[in-house]
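In structure tokens, one chain follows: the form predicted alone.
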Amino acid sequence: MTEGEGIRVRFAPSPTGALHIGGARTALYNWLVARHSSGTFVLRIEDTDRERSTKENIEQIYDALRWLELDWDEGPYSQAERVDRHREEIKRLVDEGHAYFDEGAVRLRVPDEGSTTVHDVIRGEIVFEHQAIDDFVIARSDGSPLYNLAAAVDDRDMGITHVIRGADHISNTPRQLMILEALGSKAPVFAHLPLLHGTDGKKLSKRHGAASVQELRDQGYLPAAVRNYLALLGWGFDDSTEYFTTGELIRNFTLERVSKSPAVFDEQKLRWMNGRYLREMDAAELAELLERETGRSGLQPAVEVTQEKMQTTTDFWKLAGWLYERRPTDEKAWSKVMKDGAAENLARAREALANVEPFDQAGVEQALTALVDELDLKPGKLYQPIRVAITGSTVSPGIFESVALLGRDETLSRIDDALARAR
């Protein structure tokens, strides 16, 4: 990939709804090429399908790119608003004999002999024999341009030097090259990205988990983690490095390192990566993020004891929501824990906690560890009944931190409720 300010790339989605993960990766790769080369990232909306190109669908694309923090340098341009320009070029192609009318539609003439070669940065040379390609329609009978004509003209007019898009567009490329040649225009550099599959080896779809950027956002992923993970779906710096800051991605990303083999989107791996990003955040910063998401304040103490266990921001409420509201007790957890003397042990724990002074993590830990020794119990035999009593489940942050955060009065009240139920 030649570096320099002359590199111009574009992301040109069709606004059919939420921005899917494959589209997000395409946008990211284009953005990284532009930032790596100090080039220009152009956003163009291919909105010629007026029924699907609603204002809401277009806004979803902007919303997803903004959340991913993929800023564009030019645009957004509307392909539909350039229809007069497309018609000018259709007329020129007809006037110069490169195209002709057929039942009202306009077709480009494809030579009977020879071939068109696509020079692809990722896949090498791809040869398309002309005898296998019929004269193809570039404009409908109502004069409206078809995709290949509009895309080729727009890329030429906008000075796009590198067309980076999914492998599903490979069949369009020789047709766009023929149009550009007929217009006397230089061909851009092409790079067709590998397809995305699920962990079962089949084409990525909603059954494999989150299918769109908006779903990833709503499920508690961080933009930086998503950028890092999407970058790895087809590209790698070496055989082992998986964690990249965005600055490192910009410095290291080149198309030459992109694979042509399908890449596997594994949401479990994304969760793992997102968890690492969450653990490395400053607790105050994470608390501020969670306060915006939940509409609550004063979450930092709870964040500090749950941060190590979180993989997405939505995990926070699962881990710490019991601090802010009483939850129904999980019946399986209750049946599993509240047996074999558990109620008696819980009653002794209540007595010990009632006398802790000051009621902080160190004081709680001292009182409960002393009681474990006195009763000659394995710690879980005492701590799990407490955990179920105060949280409603067997999953929570550490028991000492949990009790201290909840406070003496609320802890004793919840234990009392559990003891009443156990009678």
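Numbers follow the displayed sequence, beginning with 1. Since the structure is predicted, the reported quantities are computational estimates derived from the model, not experimental observations.
What comes next is about the form predicted together with the RNA, which is not displayed.
* Contact label in the predicted bound form: Ala362 to the RNA, heavy atom within 4.5 Å -> Flag for Ala362 set to no.
* Asked: Any of the heavy atoms of Gly234 lying within 4.5 Å of the RNA in the predicted bound form?
  -> Gly234: contacts the RNA in the predicted bound form.
* Flag Thr314 as yes or no: does it have a non-hydrogen atom within 4.5 angstroms of any non-hydrogen atom of the RNA in the predicted bound form? => It does not: once the RNA is placed as it appears in the predicted bound form, Thr314 has no heavy atom within 4.5 Å of it.
* Give a yes/no on whether Ala404 approaches the RNA to within 4.5 Å in the predicted bound form, heavy atoms considered. => Ala404 lies outside the contact set for the RNA.
* To do: Would you check whether the RNA, in the predicted bound form, lies within 4.5 angstroms of a non-hydrogen atom from each of Thr48, Phe128 and Asn172?
  => Each of the three qualifies.
* Which one, 104-112, 292-300, 88-96, 69-77, holds residues whose non-hydrogen atoms are within 4.5 Å of the RNA in the predicted bound form? -> After filtering at 4.5 Å, what remains is 104-112.
* in the predicted bound form, which of the listed residues (Asp340, Asp282, Glu81, Asp239) lies with a heavy atom within 4.5 Å of the RNA? -> Contact with the RNA in the predicted bound form is made by Asp239 alone.
* **The single option of Arg350, His162, Arg217, Lys309 touching the RNA in the predicted bound form, heavy atom within 4.5 Å** => Of Arg350, His162, Arg217, Lys309, the residue with a heavy atom within 4.5 Å of the RNA in the predicted bound form is Lys309.
* Going by the RNA in the predicted bound form, which residues of 243-266 come within 4.5 Å of it through any heavy atom? -> Stretch hits, in order: Arg257, Ser259, Lys260, Ser261, Pro262, Ala263, Val264, Asp266.
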